[in-house]
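In structure tokens, the next block holds one chain alone, the form predicted on its own.
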Amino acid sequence: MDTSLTPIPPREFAPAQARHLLLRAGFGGGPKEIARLAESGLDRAVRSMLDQPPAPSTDSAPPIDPDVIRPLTEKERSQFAKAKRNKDEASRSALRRLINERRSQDRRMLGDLRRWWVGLMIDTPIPLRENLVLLWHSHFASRHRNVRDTFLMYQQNQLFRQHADGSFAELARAVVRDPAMLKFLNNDQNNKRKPNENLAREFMELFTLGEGNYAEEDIKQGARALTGYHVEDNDFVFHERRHDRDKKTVLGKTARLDGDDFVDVLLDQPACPRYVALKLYRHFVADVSDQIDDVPSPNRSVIQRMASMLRKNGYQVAPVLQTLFKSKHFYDPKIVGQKIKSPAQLVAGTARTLGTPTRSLGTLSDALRAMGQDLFDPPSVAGWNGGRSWINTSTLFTRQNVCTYLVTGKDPRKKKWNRKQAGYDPMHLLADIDSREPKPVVDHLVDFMLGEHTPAPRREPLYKFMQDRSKGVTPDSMIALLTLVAAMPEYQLC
């Protein structure tokens, strides 16, 4: 395996490499997008993925009411206290119903938010940004199940979008003040009289340093630094009276540390850029272990150089990705086509690659959940494991079904279906080839769906299938062929 981070020769950036870049940096693309990217050349292709305008404050988000989950008003608290004193169960029940209705409304908004994000991944002109938002959502994982406030989850999602390929250091400093994270890890209960260690622990173990690079005493001292970092309604607040103003010692640094100082101490540790580089590498390059010592030495050497670039560039992510996406290592045959697609990559990538019609975003969101990637509800603070954890007998069945649904419009949960429901003419995928003979058609589709490296024996059954179609290459036979290709094991890889 070539571990060089020097760029591949410009002449080697052909459609196969453009396809790989689109799959890994974004969610894939159709034949025309692949050809256009290849023609632009390596430098311009990579710049086109990275040189994007700043994220706007909103991206046509669904209407999310910031006041659905809110503290009780003074009048409501007074009414509740009075009803409790008077043992007025009718009034107390009415207030409970009000709270429960808000919870129900919040859950409905969460469904809207999930559908919106799936749609954005499919339609965005800036796929790398959404791919990075997915990474940071899993890295700085928070769960709606614990936060129980959709607006805070949306606010956090926008935070990840704002800092997507910017400074990891600035993102980390912002996360330590993020209301969703503070609620998720109970830092809104952290005060100098009774420090809560959850946020300090996870910031060290899962967000910046990794296991083995800190001690329990560092966690205790870090928790003291984070005292008073609280939430009021939808906003971060710093309660100075609840903050421990005394000196703390974290990883050898002694001072009157606050939350920002705590993050800066972690960023100064040699383990931090290495840990962040490992996360970037696992997301964009290979399904290696999340423990750096267990990563094979060739891959580890690449991660170490990425870490040096992160440190040198003040934790700016874009320069590291620019180098990576041009490198010989990124396009090595042992890297290409060897990474398991996440459910979101599979769904958004299939829609973008094949240009399918807009299907029910609710159905697609439900499919993501069934495949193990429930947006805004990762399994734990450790996020999603990725890699082989995505594939088992249950999820593989759903992965094949959702691809069939995108191509045909046939909802696997419903028995009835007719051809008109497809609403999809895949013939546009053949616009760049002259022949409509089975073999060149199959080769063209396999090349951009599975990759040019797909061997001839894997193509033979597809040749035979198309040769047996009495009417030749038609929209119907193309739809059938696409579902067959998408059901092949190789389609689960990118």
Partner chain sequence: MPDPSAYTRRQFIHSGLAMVSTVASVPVFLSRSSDVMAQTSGPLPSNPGIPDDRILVVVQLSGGNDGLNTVIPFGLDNYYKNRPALALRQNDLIQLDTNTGIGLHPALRPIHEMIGDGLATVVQGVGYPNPIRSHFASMDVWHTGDTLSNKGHGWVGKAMDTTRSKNNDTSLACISLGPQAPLATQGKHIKPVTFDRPEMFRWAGRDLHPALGKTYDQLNTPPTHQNNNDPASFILRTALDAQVASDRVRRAVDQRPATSFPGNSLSRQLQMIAAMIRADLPTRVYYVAMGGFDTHANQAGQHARLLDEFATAMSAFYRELEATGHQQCVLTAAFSEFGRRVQQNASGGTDHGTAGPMFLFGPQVNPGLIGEHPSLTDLDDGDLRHHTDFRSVYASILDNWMKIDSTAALGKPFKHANVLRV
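Numbering follows the first chain given and starts at 1. From a predicted model like this one, the values you see are computed outputs, not experimental measurements.
Here the subject shifts to the form predicted in complex with the partner chain, a form of this protein not shown in this document.
Practice task
Just give me the single entry in Trp117, Tyr405, Tyr275, Phe325 that has a non-hydrogen atom within 4.5 angstroms of the partner chain in the predicted bound form.
Solution key: Filtering the options by heavy-atom distance leaves Tyr405.
Problem - Contacting member of Leu206, Ala141, Leu95, Ala422, with respect to the partner chain in the predicted bound form [4.5 Å, heavy atom] - result: Here the answer is residue option Leu206.
Handout entry: Option from 133 to 141, 98 to 106, 190 to 198, 249 to 257 whose residues, in the predicted bound form, bring a heavy atom within 4.5 Å of the partner chain
Key = Residues of 190 to 198 come within 4.5 Å of the partner.
Exercise for the section: Evaluate His230 for contact with the partner chain in the predicted bound form, applying a 4.5 angstroms cut-off between non-hydrogen atoms, and reply yes or no. Expected result: Result no; His230 lies far from the partner chain in the predicted bound form.
Exercise for the section: Mark Gln17 yes when one of its heavy atoms lies within 4.5 Å of a heavy atom of the partner chain in the predicted bound form, and no otherwise. Expected result: Gln17: no contact with the partner chain in the predicted bound form.
Exercise for the section: Give a yes or no for Lys220: in the predicted bound form, does one of its heavy atoms lie within 4.5 Å of a heavy atom belonging to the partner chain? Expected result: Judged by the heavy-atom cut-off of 4.5 Å, Lys220 is in contact with the partner chain in the predicted bound form.
Practice task
Answer yes if any heavy atom of Asp88 is within 4.5 Å of a heavy atom of the partner chain in the predicted bound form; otherwise answer no.
Solution key: Residue-level check for Asp88: no, no contact with the partner chain.
Handout entry: Stretch 383 to 401 - residues with a heavy atom within 4.5 Å of the partner chain in the predicted bound form
Key = Heavy-atom contacts to the partner chain in the predicted bound form: Arg388, Ser389, Ile391, Asn392, Thr393, Ser394, Thr395, Leu396, Phe397, Thr398, Gln400, Asn401.
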